[in-house]
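Let's start with one chain on its own, the form predicted on its own, as C-alpha cells.
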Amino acid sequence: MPTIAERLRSLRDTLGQRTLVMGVLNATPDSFYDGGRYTTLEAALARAEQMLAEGADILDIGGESTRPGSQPVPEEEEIRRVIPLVEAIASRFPEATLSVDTTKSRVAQLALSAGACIVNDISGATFDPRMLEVVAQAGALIVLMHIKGTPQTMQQNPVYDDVVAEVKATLYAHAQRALQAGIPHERIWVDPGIGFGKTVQHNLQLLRGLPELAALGFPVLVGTSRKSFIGHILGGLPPEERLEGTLATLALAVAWGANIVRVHDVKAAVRTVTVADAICRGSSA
C-alpha cells in the first residue's frame, strides 16, 4: 500500500494540470442528499468502486452529517461508521486516495492510520484543538473550510459586511495556524464553505470571488454539489433535481480558480471539469 507521502506526491503532481474531483461517500443515515444509501459496508464499497471507475481522484468518507440543523454524532459512533470503511476501501483499492471528512482529531488519527491521507475539516480545525497536531504528525494533507457558527446554528440569519473579504481573512488565519503547527504549505487546501453559514447571495458572491481566494496561494476546494442555493435559484427544486445546476457551478468554479471540486455525481463532474479545463487551462485528454 502506498504511503501517505507517496499518495500526496501523486496528487501534487496532478494539481494544477487539471481539476481534481473528490467524490462524496457518506456513511450516514441523515445526510441531505445520499443519507442512508451507503450505511452498510457492502453498499459503501460498491459505491466506492463505482466512483473510482468514473474517475474520482479522491474519495471523501464521512460519518457525521453537517447539513444545516444537524446534530453532532458521538465520537465512538463516528468511528464505528468510518474506520472499518476506510480500512476496507484501502484494502480493496490500494491505489485509491482517501480523505476523511471529520472535525474530531481521534477520528482523523484512526482514519489516517487505516489508509486515509487527507483530513477534510469543515471547522477549519477549530472545533478540536488537537486536529492540526494529528495531521502534522501523520504527514497528511488538511482541507481547511470556512464555517460561520456550527451546523446547528450556521443558517440562522448569517450576516457579513463583505463575505469574500471575511472568508478570505478567516481562511488565511486558518492556514497560518496550520503552518505554525508544522503542516507544510503544500499540504494545506482551503474551502470557502459554500452553504455553511451563507445565504444564497453570499454563496454566489463567494463563487464570483474565487479569484480573490485563490490569491491566498493555497489550492481551493469548492463544494456546491446539489446544495440548497441551487434549488432556490431553480425555483425550489429538491436535491434530486439539482444536477444541472451543480454542473453549471462546477464549470464556473474551474474558470474562476477552483483546483478541486467535491461532488456526489462523479461521472458528470469529471466530464464537466474536463471540458472546463480544456477551455480555461488549454488542457485536453
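Residue numbers run from 1 along the displayed sequence. No experiment lies behind these values; they were computed from the predicted model shown.
Here the subject shifts to the form predicted together with a small molecule, a form of this protein not shown in this document.
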Give a yes or no for Arg67: in the predicted bound form, does one of its heavy atoms lie within 4.5 Å of a heavy atom belonging to the small molecule?
yes
Should Asp191 be classed as touching the small molecule in the predicted bound form when contacts are defined as heavy atoms within 4.5 Å?
yes
Find out whether any non-hydrogen atom of Leu221 is located within 4.5 angstroms of the small molecule in the predicted bound form, and reply yes or no.
yes
Report whether the minimum heavy atom distance between Val21 and the small molecule in the predicted bound form is within 4.5 Å.
no
Residue (of Met145, Val134, Ile142, Leu206) lying close to the small molecule in the predicted bound form, criterion heavy atoms within 4.5 Å
Met145
Taking 4.5 Å between heavy atoms as the contact cutoff, choose which of Val107, Ile122, Ala178, Leu85 touches the small molecule in the predicted bound form.
Ile122
Region of this chain that lies against the small molecule in the predicted bound form, out of 223 to 231, 237 to 245, 44 to 52, 250 to 258 [heavy atom, 4.5 Å]
223 to 231
